[in-house]
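First comes one chain, alone, set out as structure tokens in the form predicted alone.
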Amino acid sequence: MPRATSDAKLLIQSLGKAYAATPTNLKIIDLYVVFAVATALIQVAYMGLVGSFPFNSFLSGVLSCIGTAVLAVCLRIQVNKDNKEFKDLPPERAFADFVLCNLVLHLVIMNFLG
């Protein structure tokens, strides 16, 4: 059992060191993704405690958070300099795609609300 604990500590330390070398713009996107997922989890917990009377509103809120998180992960993949697949894509274009897709996502969600 002590071997597993030391392996876990070593893994966490190596992940911390590797993440420290991550550029600031990617860390900001990661924080945004964590915030969106946490907001979705809070909405699910609230629905579990209080109820889901306007179910369309609950679905719209959760799908908005999850959809935004997915789009932010796509933005992170495109902006990452280590990713060779999108090396010719300028970061401004990736951000414009992110904004446009978010606009379409939220228009669909507003339509779903009724």
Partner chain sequence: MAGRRPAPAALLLLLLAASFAPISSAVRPVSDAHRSAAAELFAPSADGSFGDLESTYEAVRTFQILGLENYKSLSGKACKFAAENLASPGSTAKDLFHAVRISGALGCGVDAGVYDGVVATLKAVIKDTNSLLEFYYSVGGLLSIKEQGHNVVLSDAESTFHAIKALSQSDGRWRYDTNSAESSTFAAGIALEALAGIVSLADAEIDSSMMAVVKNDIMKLFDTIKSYDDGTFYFDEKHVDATEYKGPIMTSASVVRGVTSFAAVVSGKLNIPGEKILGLAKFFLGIGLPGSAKDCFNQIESLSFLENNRVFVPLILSLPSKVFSLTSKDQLKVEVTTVFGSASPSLKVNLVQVLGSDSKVITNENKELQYDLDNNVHYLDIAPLKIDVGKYSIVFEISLQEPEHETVYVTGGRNTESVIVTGLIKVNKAEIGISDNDAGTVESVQKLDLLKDTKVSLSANHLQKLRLSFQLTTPLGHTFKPHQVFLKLKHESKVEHLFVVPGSARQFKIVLDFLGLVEKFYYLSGRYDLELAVGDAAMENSFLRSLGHLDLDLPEAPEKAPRPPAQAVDPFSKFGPKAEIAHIFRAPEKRPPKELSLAFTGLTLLPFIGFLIGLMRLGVNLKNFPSLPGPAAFASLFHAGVGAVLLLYVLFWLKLDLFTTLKYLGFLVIFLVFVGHRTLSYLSSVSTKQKTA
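Positions refer to the first chain, counted from 1. As the structure is a computational prediction, the values presented were derived from the model and not from experiment.
Quick note: we don't show the form predicted in complex with the partner chain, though the next part is all about it.
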| property | result |
| --- | --- |
| Non-hydrogen atom contact residue 111 with the partner chain in the predicted bound form at 4.5 angstroms | yes |
| Touches the partner chain in the predicted bound form: residue 13 (any heavy atom, 4.5 Å) | no |
| is_contact(residue 35, the partner chain) in the predicted bound form, heavy atom dist at most 4.5 Å | yes |
| 4.5 angstroms heavy atom contact with the partner chain in the predicted bound form for residue 39 | yes |
| Stretch 34-59: residues contacting the partner chain in the predicted bound form, 4.5 Å heavy atom cut-off | 35, 38, 39, 42, 43, 45, 46, 49, 50, 53 |
